[in-house]
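As structure tokens, one chain now follows by itself in the form predicted on its own.
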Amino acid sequence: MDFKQIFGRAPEAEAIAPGRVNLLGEHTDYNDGFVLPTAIPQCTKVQLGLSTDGQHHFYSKNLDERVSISDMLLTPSGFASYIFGCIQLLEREGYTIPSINLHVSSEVPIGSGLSSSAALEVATLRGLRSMLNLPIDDVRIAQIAQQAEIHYAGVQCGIMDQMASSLADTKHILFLDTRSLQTRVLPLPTGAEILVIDSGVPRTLAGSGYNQRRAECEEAARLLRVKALRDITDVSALEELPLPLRRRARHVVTEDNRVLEVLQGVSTQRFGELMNASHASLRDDYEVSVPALDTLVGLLQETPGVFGARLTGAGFGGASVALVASAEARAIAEAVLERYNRAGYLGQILVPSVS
């Protein structure tokens, strides 16, 4: 149902924000490191209007679920927690947020590692900015969105997802230094396009090993006497660490180095090789892959026209991303999916999106 069917009147404002796929720099953002995301075509849309009964009302078209909030001391669960957190944080910054009706619909797949939560947060904040004329820029929107996810959804995430949703587009790669928030826009590799395939194995960040990995990295940094693992550039410095901290830190250090190599300029072939190395590191050192993802990535890597492939997102399920020859993504995806699904899995193409 649309906004008017739910709330009885037309919306006063609307906003969209895209999901993202990360090409390199996985699990480096909460280590103050470097990342290379790009936006995907699928977006989340929110429509907003003023509520007349003093309560907030949120409706998810995808879930066909309505949540009404009268007590701002109690954080709701599910999709409403992200919206609630954005409102609460804006009020903490001194903005007066009236009671609102908010309708959300999303094309961004949930549980596939494409940042559906960040898209919801950024779209909500953009919508509130538009409706209430709030003086907050795109970087500040990303920062508030990240805090909403940490404090109200319980995921100790870095800022990559929110910065990508707020600043990236589908035609370029966004280089982000997550410590300084310095960004640089890079072209997509020459003669290549992006292919994203969902493994069919969903994952939830808060209920997975994500927070455990973050804690392991923080402990490794403490033992190495640095602020964050980003401050280590030579893997030989990690030898004093006990296992599994040594493996976790080795992934972060080598992954940062892969991103920085791309920043200096590499061929499309080399970019693909770095993606392949990233997947091996995520599988073996960071231990966030699963058999389905390893199977899918392996099929992609051995397919002609694929420069490189890896899991994308936090892992523990979700999607794979591949860099493939221009204009061949659909044919490659169909060939790989036929073999993947024949092996007993149920994958689907996410990018390029079905028009």
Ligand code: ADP
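All figures in this text were calculated on a predicted structure; none of them were measured in a lab. From 1 onward, residues are counted along the sequence shown.
The following text describes the form predicted together with the ligand, which does not appear among the structures shown.
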*Within 4.5 Å of the ligand in the predicted bound form, do 82, 113 and 149 each have at least one heavy atom?*
yes
_So if I measure heavy atom distances to the ligand in the predicted bound form, which of the stretches 264-272, 85-93, 190-198, 105-113 falls within 4.5 Å?_
105-113
*Using a 4.5 Å cut on heavy atoms, which of 51, 303, 42, 60 is close to the ligand in the predicted bound form?*
60
*Out of 250, 279, 203, 213, which one falls within 4.5 Å of the ligand in the predicted bound form, going by heavy atoms?*
203
*Would residue 101 sit within 4.5 Å of the ligand in the predicted bound form, counting heavy atoms only?*
no
*Looking at the partner-bound form in the predicted bound form, is residue 164 within 4.5 Å of the ligand by any heavy atom?*
no
*Taking 4.5 angstroms as the cut-off for heavy atoms, does residue 154 touch the ligand in the predicted bound form?*
no
*Examine residue 117 and determine whether its closest non-hydrogen atom to the ligand in the predicted bound form is within 4.5 angstroms.*
yes
